[in-house]
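Below sits a lone chain in structure tokens, taken as the form predicted on its own.
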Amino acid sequence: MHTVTLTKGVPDFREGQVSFDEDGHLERGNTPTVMNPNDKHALRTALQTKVRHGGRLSVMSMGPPGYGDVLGEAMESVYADELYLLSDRELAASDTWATAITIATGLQKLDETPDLVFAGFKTADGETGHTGPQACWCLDWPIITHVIALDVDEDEGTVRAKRLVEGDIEEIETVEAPIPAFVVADPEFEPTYRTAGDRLTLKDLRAETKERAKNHEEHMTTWDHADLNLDPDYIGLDGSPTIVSSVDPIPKAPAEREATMVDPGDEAGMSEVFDAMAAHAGGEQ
């Protein structure tokens, strides 16, 4: 099997230093970035699939060159074999539609059509949940969303999943789709490794990938819009029908605690620290 997981870098809102240009577009290259938290559900789903069925696992992202670090983190999380970064100034300021066109084209450029593509639930910056389904629409593949359990019948060429109906944890249905297909994991998804063989495979993959992830750049392919044969009129800002009317700044959370600096060589000061810690621990020195 060949599976692909989509991931994305999002602003680290904890830093309170999100950068926008004069037109209200996020300047991702000037903003502290972390992996989108909801992509970790997709990564866990992909890892379970690799452990149970083997094959190649790739991770793909679109963004500035700094997203290579996000892909490196994903490689170590999901024990990926290869990474793909779609990166180019022409792709900047893409909305979900322009992003979906780019990602779908990247998936088509792979040397082997993926059996499954795993997409995140939604991103922490846009909160739309559009990109995975829109990329799937571009490829005219089936899609299963809100997935909480998954298995693949390779002989039949199908994927069977349990999913939440309209995201309701009280109503679950079982659905089946032919592959290739897109899968969007729900935050309720919990991977299961039912056999000793699965758990041994997981252990082996962890050891193997730990070394590979140290030099993840050697396993990363970068494609720009020319490599993908994309018309600049249909990607980036020009290809994005979404119009940003306004942007409210994200304030940095105020510090609510005062800190007292104590030099470790200050015996009296350190004694006060230990006394305070002992009181909170409920013990005595």
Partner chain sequence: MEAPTMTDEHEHYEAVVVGAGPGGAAAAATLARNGVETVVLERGVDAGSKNVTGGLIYAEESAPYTIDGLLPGFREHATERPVTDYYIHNIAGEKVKTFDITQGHERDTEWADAVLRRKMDSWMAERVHELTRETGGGLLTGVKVNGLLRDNNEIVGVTCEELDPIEADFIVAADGVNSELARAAGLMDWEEPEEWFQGVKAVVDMPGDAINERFGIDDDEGEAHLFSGDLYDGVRGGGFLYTNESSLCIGNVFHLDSIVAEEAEVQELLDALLTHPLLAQWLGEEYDEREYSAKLVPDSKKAANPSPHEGRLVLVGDAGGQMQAQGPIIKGMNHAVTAGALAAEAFVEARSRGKPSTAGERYEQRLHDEGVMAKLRPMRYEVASAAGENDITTDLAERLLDSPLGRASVRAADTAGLLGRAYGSPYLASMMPDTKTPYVTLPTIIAEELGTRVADDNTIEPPSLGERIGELTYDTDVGNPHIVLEDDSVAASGAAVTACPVSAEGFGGGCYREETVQSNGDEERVVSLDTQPCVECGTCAVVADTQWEHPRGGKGVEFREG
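Positions refer to the first chain, counted from 1. Nothing here was measured: the structure is a model prediction, and the numbers come from that model.
If you look for the form predicted together with the partner chain, you will not find it shown, but the lines that follow are about it.
Comparing 146-154, 71-79, 133-141, 92-100 against the partner chain in the predicted bound form, the single stretch with non-hydrogen atoms within 4.5 angstroms of it is 146-154. Scanning 201, 105, 209, 87 against the partner chain in the predicted bound form with a 4.5 Å heavy atom cut-off leaves one residue, 201. The listed set 219, 225, 52, 44 contains one residue whose heavy atoms approach the partner chain in the predicted bound form to within 4.5 Å, identified as 52. Within this chain, residue 197 lines the site of the partner chain in the predicted bound form, having a heavy atom no more than 4.5 Å away. For the chain shown alone, residue 161 is a contact residue for the partner chain in the predicted bound form, at least one non-hydrogen atom being within 4.5 angstroms. The closest heavy atom approach of residue 128 to the partner chain in the predicted bound form falls outside 4.5 Å. A residue is said to contact a partner when one of its heavy atoms sits within 4.5 Å of a partner heavy atom; residue 192 meets this definition for the partner chain in the predicted bound form.
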